[in-house]
Every structure is written in C-alpha cells, then in structure tokens.
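The chain below stands alone and is given as structure tokens, in the form predicted on its own.
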C-alpha cells in the first residue's frame, strides 16, 4: 500500500490515519460477511505497521485503532459471552515464535510444561452453550464480549451435536467452516438457485451462518478446540474430552493436534502441518501453539484481546485480492474455447500469479465479473489459480463488461454454445496440430521425431488432418518436406510403424477423449479389452468403469460418437484394433472399485496385488527412465492401483528425491514408504529390459 515501506514502517501521521481507517474497514468486512479488499498478508502487514507507529508515537494513538481489540474492534454483538471470547496474537516466522515462547517462560518463571500444536482453521469462531447436555444457543465471537445469536443455523452444522454424550453444562468453543467439498457443493446449490457463488470458503461460512429463510440448505462443519466449564483439563486432554462428548475435533485429520515437549519439536510440527496444507480437506491460515497444562494457562493469564499462553504462527495466504485486467479466449486441442483471466500480478504463497482459470462463459456471467474488477484469487498447493468472485462494492464505475467471442478465436468459424463449455464447431479440426502433437507424445503413441515443428509441417502441407493420417504417410511425401532427409524420413516412418502396434490404452489416450486422461484410459482399456468393445459401449455401460460417473459417461459416449469417422480410419489402418487388453476377472476384482478397472488378468497375483500406490518425487536407479505415466502402468501391471494423492486408502508410497508434502502426509498416516531402488527390486520382473 502507498503508506507502507517494505519494513512496514509508516511514513507520516496522515499515513497512519489512513492505515487505521483501511484496517477498520477491512476488519468489518472480514468479520462481517467474510469479504475484504485486503488479503491476509496485506492485512497482517498493515496491523504491524499501525502497531509500530503507535509504539513510536504513543500520544497519537487513535481511539478507533484496531490494535489491542478483538476482531480489530470492527464488530459488535448483542448477546453477552459467559467468558470473553478472545482472538490470538500472531507470529510470522520461527524466530518470532522462539522469542514469544521465551517471553512466556520468563512470565511463568519456569519452563512451559509441554505445548500443544494444532491447525488454525480458516472459518468463523463460535461458542455453543449446552444445558444438561443439550444445545441451547450458538453465538459468533462478535467483539469478544458479546456475539450474534446464530442458533437458527445449528442444525446445518456437522460436528456440533444437538445432545452431548453427558448431561453437563458446558460451552464449546471452536470454528465453523466450509470444507473444500462443502464449498464446491454450496456453490453448486447457489448457482442452481441463481444466487451468486461464494467468493471463498470463509465468506461462504460467514454468510451461511447469518442467513435466514433461504430456500435451500448448505451444510457446514464444526471443529471444537476449547470449552468453558472443563477448566481443569490441559489442552490435549480437553480435546480428547470434547471428542468423547461427541463434538468434532481436528484429531481425525492429517494435521491432528499434537503435544510437544520442546520448542524445537513445536517448530518441526508446524513445518509438518504447513507441508500438509494443500492436501487438507479444509482451509487453514496458520498453526496454533498453546501451553498445554491448565496450570501454565492460569499463571500466564489473558490480555485484553488474546490469551498470553497461546499464539498463532501465521502461514502465507492462499487467497489474495488483485485486479482483473483482461480475459483471453484460448482454443484447446478438442476445440473447447476456454476463458483465462489476465491479472495484475500478485504473489500468493510465494508464487507470482498473473493468469487464472475462469471455468466457462456461463460461470463468468453468474459471477458477474467485469474487466477492472477487484477479484479474489485462490491458489492451494499445485492447484491452478482460479478467480473466485468480484468485490462488487469496490467498483468505481470505470469497470467494463467482459466481451464474449462471437466466432472461434482461432479459425473464425462458428461457436457451439449449447453447453456450458463453448466449443468451435470444427472440434478437433480447429486445432489439428495440437491434437497430432498430443497423440504422438511419449505417454500416448510415443512417436519419436514427431515434435511441434514437424507436426505443423505435416498439417500445413495437407498431409495430416488427424492422427489416423500419420499411418498413411509415405517416404515420398516426407521427403517433400523442408529439412527432411532420407535418414529422418526413415526414422519417422519406423516410429510410426511401431506406434501402429501400441497398447490399447495408449491408442485410446491418443484420441484425447474429453473426460479422460492417462489413468482413465488405462481403466477403460482394461475394462473393455478392445476398441470394438469400447465403441459398442453406451453411457450406462461406461458408467460401470471405476471412476466414471453418470455425467462423465454421457460426455465420453458422445465423444466416441463424434470420433466415429476417426476410429473408422484407425481401424482401416489397423491401429488399436489387433491389440487387446484382457479384462480383470471377477474373482480378482477389487471390491473397493466396484469389481472393475485396475490391472489386467495377469496382474491379479502380482507383487502389488491389492495395493494402492502413489509415486512422488524424482525417480532414480532403474526407474529413472520411466515417465510418471509409465510408472503408473508398471504399478497396474503388478496388480496395484495407481493414484496421484495420498489418503487413508493409500497403502504404499514410492518416494524419490524431493518427495515433499506427500511423503510427510504418508508418514503422518503410517503408510509404508519405499525408495525407488527398493520399489524396483519389488517389481523387478516387470521392468523393461535395458
């Protein structure tokens, strides 16, 4: 911001006043409906700058300053809390955390008798009062002294039991949020009711808790992390008690609360939780560190806005606010016309984001986006950034409508707008070069020597209109191309001839069927065993393949009809017809995948039979020459099931160099981990001969 330097020092009294006004407005939005023109990092930096100025100029502190106040002093409530509901102080790196812990121990006069470390959930803090074990009232935090009554929303909150397992008087405190799955479902429901999608999970939770008389129901989740009335319990013991009472806690997640004996162990646990962040089923914006024992907590006491025995170690924000500068319309290899947001560059979790996905034209219309809007941008882990929603109340009048294309941006032909995802009427023919390059790729037909330049030559010369035309090329045709000699022509023809006998799953993958990829192509090939059987399958039959639901089956069935002429040409060239893949016998089917999919008949008793395997990191040794797709094929030939993410169903992780968060999560879940060389020994009989 203009009134802040890189070290967060304010420049003048006028800048300080502007900063206070900005922070109070941002707090009111954040703790009100969950939206704010500032991202978490900017807001935290602003508060630190305000505090720094006030420390240097104590006589100039404004009464409305957010420092020292719960929720920045921006919100109020009308129902008094039984005990003040405080916020947490923040630290932003390992050094600040160490300094805070040392300060707490100086205050106590002795070492802290253990710490508890837990995820800082990105939701809305609430207090739930129980009388004789029955839920009677639910309040927001408000200003910490009084909150807003949201009892009407309690029946939609999973994990907040209407009746506890014991008939006691107690007040549970915790966080209500939308999990990732609930957020997606909430926006699906809202769009179906022609309502604006939520900008992000936090704003969705905030708005849902306060909403009344909606014609639809949105489910949320409660995570308990404290209680009034169970004051003699240390924090770890308290969390166990809350679970016994029937309340949901984070104990069942990969980022489960953990007791640590030393600050070093605390730091290590923070690193683990930070590494798990992208794979968690809910949002977190930090990690909370608490003195564990009730005695240490009593001795430390509370400040005006935060307990002295707990602190939040903030993590870099995954949501940021930036400006939508333009929208580009790109045509994919199947003819799909995809909008892409061009953004004012913004750093999210250490990555500079300039582009983000906009899904489809209908989504743009429903969200009401305009060029020049301030927009929320979301990025988690390796997920492609996406624009969530505009900050409509920040509009200046200078914004302009997004102009949708009236003709295909690439070829100028008509656009099929009958479905949500628009498509050039020429389909794959619009992007013949891209389709040919994809089909010839290493994980599809693996045609060496057919790169981008050569594909362009072939298409522009009129020799190739689709992948089937590759198999009709002659020596004379190739020699007529620029920079194509006898040796190059012979090598390319040999590679094409080898591809003629490619495995069915690779031929199917080369088609680029919408709704499928490498993994799904392997499952489809293993399920049906031949291209003829795949072509004969209707939507209901396709839906029987592991991982294909009703909607995706409909898309694939329609794609197969559209690809009919191309498949006829491939059949005439005997590509993908003479090679079949045996189906998995019913006796060997995995009950977990509905008895279908997985490896071939000869893999049922393989060395990975019944195993769910994830590969991560760089492979070494005999596996170094394999692409990730070839690794997945190897796993399935060995009887296993390849997956891309670690979960409770995963039974084996193959962890190479720089394995990262997947290895961390596997360790947390107690999953067996093998290095590349160890795994190579396990599947040695199936490895390709050097």
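Numbering follows the first chain given and starts at 1. Please read all numbers here as calculations on a predicted model, not as lab measurements.
What follows is about the form predicted together with a small molecule, which we do not show.
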Mark residue 307 yes when one of its heavy atoms lies within 4.5 Å of a heavy atom of the small molecule in the predicted bound form, and no otherwise. yes
Within a 4.5 Å heavy atom cut-off, is residue 120 in contact with the small molecule in the predicted bound form? yes
Using a 4.5 angstroms cut-off on non-hydrogen atoms, would residue 527 count as touching the small molecule in the predicted bound form? no
My question is simply whether residue 376 lines the interface with the small molecule in the predicted bound form - judged by any non-hydrogen atom within 4.5 Å. no
Pick the stretch from 401 to 409, 80 to 88, 542 to 550, 422 to 430 whose residues have a heavy atom within 4.5 Å of the small molecule in the predicted bound form. 80 to 88
State yes only if every one of 439, 508 and 563 has a non-hydrogen atom within 4.5 Å of the small molecule in the predicted bound form; otherwise state no. no
Using heavy atoms only and a 4.5 Å cut-off, determine which of 202, 523, 319, 290 is in contact with the small molecule in the predicted bound form. 290
The listed residue (227, 160, 125, 499) that reaches within 4.5 Å of the small molecule in the predicted bound form by any heavy atom is 125
